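Taking the form predicted on its own, here's one chain by itself in structure tokens.
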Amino acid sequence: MNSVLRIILQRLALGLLTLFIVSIVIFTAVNLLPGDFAQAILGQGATPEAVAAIRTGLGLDQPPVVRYLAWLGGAIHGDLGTSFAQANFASFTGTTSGAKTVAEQIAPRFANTMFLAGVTAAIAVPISVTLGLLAALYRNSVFDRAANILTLTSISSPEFFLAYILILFLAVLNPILPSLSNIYDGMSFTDRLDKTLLPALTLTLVVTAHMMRMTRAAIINLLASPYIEMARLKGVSPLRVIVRHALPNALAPIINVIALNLAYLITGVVVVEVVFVYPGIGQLFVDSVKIRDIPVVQACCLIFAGAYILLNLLADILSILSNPRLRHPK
């Protein structure tokens, strides 16, 4: 048990170090974006004095190192700063009563993105694992070939293309689901689910192929093991061999691929949210990039990176706990 705890602590320390390095990359990359918030707000006819006044008010005239340390210190304490757009609006109106911090702006959007990811995972994970098990069980059959062709076609198609195809068939030609996901506070769970289902189906088509093929490959690799041959010689049915004997030993790679795809559902939803006008963190990220709202862009990138690192750490920990050879290293 001590060895497992030591490995987990090592993974956590490595994750924190990775997040620190990523924060430096995020800050540097965002500040290298072309354009300027003050110039974008004031327009082409802005005077240099007006641009300089806004930059001074927002702290953009300070050295990059000072701004990074201030941003990192605030992020550690949960303060992601104030949106430039909110701060500029408050300076023009002379009031800060309606101004929101970056955290307050992101919180409801992040909750919407997590809801979308949760609905997608609830659909995609059972379908992927089931298809992978059946494809391994009926290896090289018509079903196996058809499942591989369909899933490879879906994963090879861009998200926006799949989204527009689903909109055409499920919202235009056959108005079953709404084409726009106009989510708002106070909606019932049923209405929210109805508005979320079409983008969730789009993401399901994207992530199912990877999870299905990894499940299939993991099961097929184990089918040649001696204990599987022994179970077959005892007359155990093929389905029971896979579910009872092969699947528990294939959990580690399956858990890894599921965690990676769940990370994608949080960090890779930008295109899908833009297509369906879904009010998630991806849509907020795109809108903030357009107006060069640096604090919001940095916060969104940091959340994306943190979610990806956290889910990878979770996959590592679950893989260790599900593998006796890792739990009890020699």
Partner chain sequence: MIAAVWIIGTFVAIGVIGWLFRAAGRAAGNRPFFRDMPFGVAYGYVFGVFALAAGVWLWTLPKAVFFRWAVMGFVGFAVAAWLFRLAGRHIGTARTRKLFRAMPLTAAFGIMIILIYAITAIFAAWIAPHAQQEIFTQANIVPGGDPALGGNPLFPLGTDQIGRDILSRLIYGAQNTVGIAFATTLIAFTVGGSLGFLAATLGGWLDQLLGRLVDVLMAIPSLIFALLLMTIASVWAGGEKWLLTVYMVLIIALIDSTRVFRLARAVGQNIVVMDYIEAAKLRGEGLGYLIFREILPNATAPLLAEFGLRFCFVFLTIASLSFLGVGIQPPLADWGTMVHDLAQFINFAAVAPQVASAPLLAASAIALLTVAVNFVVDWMLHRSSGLKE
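Residue numbers count along the first chain shown, from 1. Computed from a prediction, not measured in an experiment: that's the story for all the values here. What we label the rigid core is the largest C-alpha set whose atoms superpose within 1.5 Å from one form to the other.
Not pictured, yet referred to below: the form predicted together with its partner chain.
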Select from the listed residues 9, 16, 25, 321 the one whose heavy atoms reach within 4.5 Å of its partner chain in the model of the complex. 25
Of the options 286, 70, 53, 277, which one has a non-hydrogen atom that comes within 4.5 Å of its partner chain in the model of the complex? 286
Looking in the model of the complex, is its partner chain within 4.5 Å of a heavy atom from each of 108, 200 and 215? no
Taking its partner chain as it sits in the model of the complex, is residue 153 in contact with it (heavy atom to heavy atom, 4.5 Å or less)? yes
So, residue 157 and its partner chain: in the model of the complex, are they within 4.5 Å at any heavy atom pair? yes
Can residue 66 be called a contact residue for its partner chain in the model of the complex at 4.5 Å between heavy atoms? no
Proximity of residue 297 to its partner chain in the model of the complex, heavy atoms at 4.5 Å: yes
For the stretch 169-194, which residues lie within 4.5 Å of its partner chain in the model of the complex by non-hydrogen atom distance? 169, 172, 173, 174
Is residue 172 displaced by at least 2 Å at its C-alpha between the shown form and the other one when the rigid core is overlaid? no
Rigid-core frame, C-alpha of residue 238, shift of 2 angstroms or more between the shown form and the other one: yes
Regarding residue 143 and residue 239, go with closer or farther for their CA spacing in the model of the complex versus this form, the difference being 3 Å or more. farther
